[in-house]
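What follows is a single chain, given as structure tokens, in the form predicted alone.
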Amino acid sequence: MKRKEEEEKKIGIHELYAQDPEQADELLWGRSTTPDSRRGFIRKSALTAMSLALGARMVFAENFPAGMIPAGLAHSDEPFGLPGKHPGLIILNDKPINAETPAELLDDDLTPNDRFFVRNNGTPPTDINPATWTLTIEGESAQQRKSYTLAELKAKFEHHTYHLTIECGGNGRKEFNPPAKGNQWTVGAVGCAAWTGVRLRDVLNDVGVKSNAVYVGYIGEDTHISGTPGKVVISRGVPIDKAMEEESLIAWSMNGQDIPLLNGYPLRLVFGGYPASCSGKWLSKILIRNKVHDGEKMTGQSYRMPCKPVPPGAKVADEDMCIIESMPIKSVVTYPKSGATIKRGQQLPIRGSAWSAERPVAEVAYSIDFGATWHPCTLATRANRYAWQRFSAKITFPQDGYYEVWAKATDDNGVSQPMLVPGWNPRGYLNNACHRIAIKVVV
């Protein structure tokens, strides 16, 4: 039933514009009309997104009216997805835009840009000009306040590329019972890309970090969905030790290309192993703090777990909630798609990815008897710390019928995924239960 509701959100482009042309422009192109435009032309940044969907630069784009479907898209009324993103992504929310990647679309060593999940808290900035984009570093524990253009960052500091896995803290929320509030992610709010940029620590050292530094926080250029000017959407952060790790990046490139707009273009933070909400998008400011950062969604119950286990459905006071730092070990089967059918006597090849935070995954095993017995998978080594590791196996089934293939990862310290959903919490964070897919063997 839930899958049907999710599919119904993907309506055709004609229906979308018929409902509300202005809202359609904003949803599809991330932009409404210019407030000072009498003729109602679409803003420049929206036209860029429109050009991506069309597959070519729109010539004379400045003359294109708002609320109109481009002729190049008007021939089809197939369900319309997000500009620059694979049509198979499941849109969970449109204000702000949040979309997850089905497990079968994660079947790559590195997640392609168009398949990378989207987790936004506000509306992406518009009229982005990378030539004038500026990053400012300041704060109580900064020895000086300093600003860098994107060009200066690229010229002044050494470039680094790392394969880094980032995962939404709420990935797997859909499985919690009682249900937890928030986007009902299944397993697809995760991805691993080759991120290129400069080390955050190199920039921090250039500015100067005082000995009393405890945390860094970020501020981005996204706007609140209420439209209230100056209202901060999200401003999270990480401990100073995490900021100083060699893999912590200020990134401008994803898999050798510009970062997609919905994923933070032109500049973002990337912290592998921590909730993706720490990896601030549309980055314009970094604060060096002498205390735990107290920005938007750092306090209260946001991205926090009960400090001690609680019964399902319990109410937990804010002071009894602890900030999420390292993400737990996890894995996902990416091939075949759940529901696959094979003939009796055939072997079934499976593939997937496993990841942890600081520690490497040492073993991935599969089970076809609901966890009674486990069999080892072939596991690749990780490219670097915080990269996921691909696994594979070939499975023979004893007879025809219905099966479930379960996958379980274990790190080099012996910590494994639980078979069932772990400790309930009010916000539905950190579900790292074994992923399972359905397989039918027929005669």
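So that there is no doubt, residue numbering starts at 1 and follows the sequence shown. Keep in mind that this is a model prediction, so the values were computed, not measured.
Another form exists, predicted in complex with a small molecule; not displayed. Remarks below refer to it.
The single contact residue among 193, 251, 168, 187, judged by any heavy atom lying within 4.5 Å of the small molecule in the predicted complex, is 168. For the options 111, 353, 356, 279, the one in contact with the small molecule in the predicted complex, meaning a heavy atom within 4.5 Å, is 279. In plain terms, the part of the chain that comes close to the small molecule in the predicted complex, with a heavy atom within 4.5 Å, is 160-168 out of 363-371, 327-335, 312-320, 160-168.
Not displayed here, the small molecule is kept clear of residue 304 by more than 4.5 Å at the level of heavy atoms in the predicted complex. Using a 4.5 angstroms limit between non-hydrogen atoms, residue 271 is distant from the small molecule in the predicted complex. Looking at residue 215, you'd find every heavy atom of it more than 4.5 angstroms from the small molecule in the predicted complex. Contact annotation for residue 234: at least one heavy atom lies within 4.5 Å of the small molecule in the predicted complex.
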